[in-house]
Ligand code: FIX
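This document starts with one chain, in the form predicted on its own, laid out as structure tokens.
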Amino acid sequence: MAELRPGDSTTIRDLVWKAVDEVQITDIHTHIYPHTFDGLLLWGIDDLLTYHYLIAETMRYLEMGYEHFWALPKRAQAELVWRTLFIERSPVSEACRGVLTTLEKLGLDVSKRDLEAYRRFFAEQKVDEYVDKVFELSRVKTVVMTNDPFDDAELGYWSKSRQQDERFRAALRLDALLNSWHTAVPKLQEWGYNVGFDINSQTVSEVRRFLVEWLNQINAVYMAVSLPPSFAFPEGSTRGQLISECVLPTARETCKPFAMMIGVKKLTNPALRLAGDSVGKANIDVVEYLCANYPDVKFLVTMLSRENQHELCVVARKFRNLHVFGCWWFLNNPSLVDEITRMRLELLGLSMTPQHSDARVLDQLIYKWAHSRRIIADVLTDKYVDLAATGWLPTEQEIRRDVAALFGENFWRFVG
């Protein structure tokens, strides 16, 4: 074991980087699926290139109409993105760099700029073996999915049989239930739940039954919803009633946390489809109210606006039933991950989960965690060097303990 001395930043850096590089990660929020959900699992170069981040970036350069782009087959869309972002100009954005990191980690020569060669590589892969390869390269042990029973495509897989790959854990997504009640009601009725559009006692009872049955059906780790920056609570809206009378009591009774991802403005540009969402600053009062008035409910919270991050940290200092996680979506850029991670460590110590991948394409686990590991390791190194300067010398065992907590154990301890 390396011996540490005050001011020995090189040795500390080596120990931190080794611990972070070797830790097995729990990725607590993703949009990926096991290979048994083959109709939903996205993977390979064409799916990487048609990721909505890259589509939005591509359309900034093109005069092509949005509908013209969407009418193209995926292969042609990928070729257009490749030519526009990687060939005609340097791929300096984080989303572009992510594609290159992924290819490089897979052993492909990115200097050749050979899209067809990359396609041949992926065509040769067997999907189940490739899933194993991605988990090995990213050193991810477990991912938590996003599972929506109101999604007809996904519903079919759960009704057939429960997925068996233990690396994939489920989270019950409630967006359709809470944000689109008028479309959720007919579905619930079709499935045999005696609900109506009015939130009366019968509907409340049936929605609670739905939540418990689906939590059990998919063995969900938590319930989750994405919310707009205008989200308020308490309020007399249908969403407010469903949260107060159905979701929170169910969370209390089942001991399942309620995860809120707050700050997304849906379809600011509808022509961009999934790439058309934007961001807004939310009111932190809603998080304070929920944590204070429901102390026996656990809340997982991430917020989309950079401007909300300091407030969220301060609230987390006051309420132990709040667990802050990840740099979500538009915040998942190196400069912001660095800034936010430093602030969280300075305000919350080690009592949070600094990152999740939010991956929609399997291969993204490789680059998102390669990039995040490096940033988090740099931040941790600086913090341990600060400690060493006082004479408090962290041991290798202590560093590994802390790293394991940040990359998974904190989350599992919180969810119980």
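Numbers follow the displayed sequence, beginning with 1. Just so it is clear, the structure is predicted and the values come from calculations on it, not from any experiment.
From this point on, the text means the form predicted together with this ligand, which you will not see here.
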For this ligand, considered in the predicted bound form: do all three of Trp17, Lys383 and Arg400 come within 4.5 Å of it, counting heavy atoms only? no
With the cut-off set at 4.5 Å between non-hydrogen atoms, does Met261 touch this ligand in the predicted bound form? yes
Is Asp46 part of the interface with this ligand in the predicted bound form - any heavy atom within 4.5 Å? no
Although this ligand is absent from this view, report whether Arg83 comes within 4.5 Å of it in the predicted bound form, heavy atoms only. no
Taking heavy atoms only, is Arg173 within 4.5 angstroms of this ligand in the predicted bound form? yes
Let me know the one among Arg320, Lys266, Lys281, Arg167 whose heavy atoms come within 4.5 Å of this ligand in the predicted bound form, would you? Lys266
Among Thr250, Thr101, Ser244, Ser226, which has any heavy atom within 4.5 Å of this ligand in the predicted bound form? Ser226
In terms of non-hydrogen atoms within 4.5 angstroms, which of the given stretches 89-97, 203-211, 126-134, 321-329 touches this ligand in the predicted bound form? 321-329
In sequence order, the residues of 356-371 that place a heavy atom within 4.5 Å of this ligand in the predicted bound form are Asp358, Arg360
